[in-house]
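Before any questions on binding or motion, here is one chain by itself as structure tokens, the form predicted alone.
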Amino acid sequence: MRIGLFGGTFNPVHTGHLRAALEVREAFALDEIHLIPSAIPPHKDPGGIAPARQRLAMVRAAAEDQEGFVVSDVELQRRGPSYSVDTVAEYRRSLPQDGRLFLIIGGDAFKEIHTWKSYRRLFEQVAFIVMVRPGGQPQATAAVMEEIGHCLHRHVDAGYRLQAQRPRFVHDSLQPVAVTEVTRLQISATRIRSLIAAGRSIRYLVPDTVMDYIRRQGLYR
């Protein structure tokens, strides 16, 4: 089993999240993508964040009938802030012997990885898939790779090196860090919440099942 762990606040989950998850699953031949809503996001102001159970319900509604998508409440089962290092450790305890985990993370979040709890331990335990937006030009893509390489060398270990044949950083004793482009969709949860507060439609920005749930629950008004 090749399992991708895709965590987030999902406040609310939207089409951009789902499209990125699908593209990563296909690009890396993952058996499953586990969508993991954060119970208490450690890097975000709690103001304006819907209750964790409601965000979980929205992710479940969004992933309904989507092949290869699994919704996990693992972070809602723990007390305190939702740290990725704890989630990865929990998955590793239940992982089949032939299983492999991949931590899926956005490029901007990866550049802040040094602010995460026990972040160096993650590079010992799980392979990374870093999602970046298409640069359009070769030099733009090269600049993104340079930024990620700089982050690895400065905050993790100078032993990381770029593989020539594919966009991946490897290390002799730590886990690899792959980089993949995902479709640029100009959708943000912040914008969706603003539209709802203004009484405007969010159709096509979120799945219809999520839009219906938000309407029924009166969220973000």
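On a predicted model such as this, the values are computed, not experimentally measured, just so you know. Residue positions are given as counts along the sequence shown, with the first one as 1.
What comes next is about the form predicted together with a small molecule, which does not appear here.
Of the stretches 190 to 198, 148 to 156, 165 to 173, 58 to 66, only 190 to 198 has residues with a heavy atom within 4.5 Å of the small molecule in the model of the complex. In the model of the complex, the small molecule lies farther than 4.5 Å from every heavy atom of T209. Not displayed here, the small molecule is approached by M131 to within 4.5 Å at the level of heavy atoms in the model of the complex.
Within this chain, A52 is remote from the site of the small molecule in the model of the complex, having no heavy atom within 4.5 Å.
At least one heavy atom of G7 is located within 4.5 Å of the small molecule in the model of the complex.
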